[in-house]
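Next up: just one chain, as structure tokens, the form predicted on its own.
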């Protein structure tokens, strides 16, 4: 089993705390975003992958309406009743789980008939832009569904996790993170169409892997930077709907790069800059799918570099540390492509690499990063892995 040691630690802690083994254990991986940045809420396309690190969620029903939820890493427990499920200001980590529980019951968790005893533990590095929050929501959703006899498909569960993030955790995320965690396959990318919510598996081929390079830049999305980018995209879509095809443009997915060039003058400079990033990203994902079908990994990697340049120059969701990592990667032949991953504003870069050269790549990037910033990034080799499942 992937991450067996985390599973063993979690089940041992659960048994010590409650005197019995958990009735159900579910697992969900984190994700890397490979191409298609901030396109999910613009109803566009994304390439992502489930990673080989994740979170386990262990649960048993309680005999009454009481609920206990324990974060297994620092053994902090939140206690509440199924009749009192609401966003918490204290121990705010619980909101990802309680929000998922709330919306699994359509906002009426008191209909659950009984409470639960649950504990979770994972090994996704926090603040690395690998979506530990979505992994937690998805393994919780699977575990809750099992013990309460709820049957929903993977897309419905992904949407429940997204709604939890919006309403309980206060982050207006798209569906990318939850869908990637749900639909991942070993050795493949997930190609997502966020207009139709269709998710397909695209093989990467052998001899290639990803390296996540975690900067030490502060990574925070709830501070309004994400929300302001999203608002600009929505403003731009309304503008293009007026000047292009009445009723035919609902999101930036419907706008081409050529149309942006022709009509950008009617937008403020900042809104025009924000809009061109997801428009270009959609085109890059579709180009990338054609390149992967031909086995052209270097061509695919070049699109990753283009994507980062768009983040840096247009969307302005990069930072000095992420730019330095990508610039260092460009000088290494065994790195085919590199870009920031996730919301941006800190976090990690995703590199497409030859795994045989992983140690040398990590050493060179770390050396250059340390010379510039005085500390070392965390480099992790990652292979695309299977998505969320019951253990």
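Positions refer to the first chain, counted from 1. Given the structure is predicted, the values throughout are model-derived calculations rather than measurements.
Omitted from view is the form predicted in complex with a small molecule, to which the following refers.
Enquirer: Would all three of 40, 173 and 176 be in contact with the small molecule in the predicted bound form, where contact means some heavy atom lies within 4.5 Å?
Expert: Yes, the whole candidate spot contacts the small molecule.
Enquirer: In the predicted bound form, does residue 342 have a heavy atom within 4.5 Å of the small molecule?
Expert: Because a heavy atom of residue 342 falls inside 4.5 Å of the small molecule in the predicted bound form, the answer is yes.
Enquirer: Residue 337: heavy atom within 4.5 Å of the small molecule in the predicted bound form?
Expert: No, residue 337 sits far enough from the small molecule in the predicted bound form that none of its heavy atoms falls within 4.5 Å.
Enquirer: Examine residue 116 and determine whether its closest non-hydrogen atom to the small molecule in the predicted bound form is within 4.5 angstroms.
Expert: Close contact is absent here: in the predicted bound form, residue 116 is far from the small molecule, nothing within 4.5 Å, heavy atoms only.
Enquirer: Does the small molecule get within 4.5 angstroms of any non-hydrogen atom of residue 148 in the predicted bound form?
Expert: No, no contact at 4.5 Å.
Enquirer: Just one of 199, 93, 226, 305 has a heavy atom within 4.5 Å of the small molecule in the predicted bound form. Which one?
Expert: Answer to the contact question: 226.
Enquirer: I need the one stretch from 27-35, 360-368, 52-60, 347-355 whose residues put non-hydrogen atoms within 4.5 angstroms of the small molecule in the predicted bound form.
Expert: Result for this chain: 27-35.
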